[in-house]
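A single chain comes next, written as structure tokens; it is the form predicted on its own.
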């Protein structure tokens, strides 16, 4: 999995993966992986924006400043490539590596419940940057909301599902291209106009660890002229219903805390906040 989702990436640079090894035992004590965020067009890397994509120190070797030294060496590597700033954790849609094997739907930052990341990165000279909320819904235990509006929408809309990526960027293909994906669209019956669309990403690689089949939902979009009609909620609920029929037990999405419209949408579909992913920034 490390080969497929890290070393095989077209922008892979072995100098960005730095290991700490215990001289006496030969054991790997920790590692840090540094990379770069994409440019605004998501057509290539932006080398002025460095990222720390992953950082880990084995419990047997902690409290020896190994983590701080790994961060320092990652910064040296990024600076040598032209980075002016570093975001530890990458952030939503910004992490170049580990999509599909770390962080759920997207490696959007360091899990707040896993370690004392704020204190650690403060020691390394970083300031708190952004965070992403992990929203999840248990499809087995939860029930769909029912109201007259949703029933009316279901009568005059139809769901279209395709496995063909539509106008996706280079950045999407290098990160999600190895994973199963489907596009869902709600069409008006008669006119066939698209009133809402979204994408699901398969997360089957987490089954051994999580013990359940899970799917990520991203890019829920409603055209400006079609908003405020409940189409986004109708699409989200229809996606969840279809996934449940396919024995998917858990669905997940990542949302920025300041995106109140997205938060309200997912909460209306019975999603709950399951965790926080944190990022930290330092200017070089």
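Keep in mind that what you see is a predicted model, and the values were worked out from it rather than measured. Residue numbers count along the first chain shown, from 1.
Not on display, but discussed next: the form predicted together with a small molecule.
Chemist: Could you spot which one of 191, 80, 166, 119 gets a heavy atom to within 4.5 Å of the small molecule in the predicted complex?
Modeler: If I apply the 4.5 Å criterion carefully, the residue I get is 119.
Chemist: Using a 4.5 Å cut on heavy atoms, which of 64, 241, 27, 227 is close to the small molecule in the predicted complex?
Modeler: It is 64.
Chemist: Looking at heavy atoms inside 4.5 Å, which stretch does the small molecule contact in the predicted complex, given the options 111-119, 198-206, 145-153, 131-139?
Modeler: Among the listed stretches, the partner-contacting one is 111-119.
Chemist: Do residue 68 and the small molecule come within 4.5 Å of each other in the predicted complex, heavy atoms counted?
Modeler: Yes, residue 68 sits close enough to the small molecule in the predicted complex that at least one of its heavy atoms falls within 4.5 Å.
Chemist: Is the gap between residue 102 and the small molecule in the predicted complex 4.5 Å or less for some heavy atom pair?
Modeler: Heavy-atom contact with the small molecule at 4.5 Å: present for residue 102.
Chemist: How about residue 54: is it within 4.5 Å of the small molecule in the predicted complex, going by heavy atoms?
Modeler: Taking the distances in the predicted complex, the answer for residue 54 is yes, it comes within 4.5 Å of the small molecule.
Chemist: Is there a non-hydrogen atom of residue 84 within 4.5 angstroms of a non-hydrogen atom of the small molecule in the predicted complex?
Modeler: Output for residue 84 is no: heavy atoms all beyond 4.5 Å of the small molecule.
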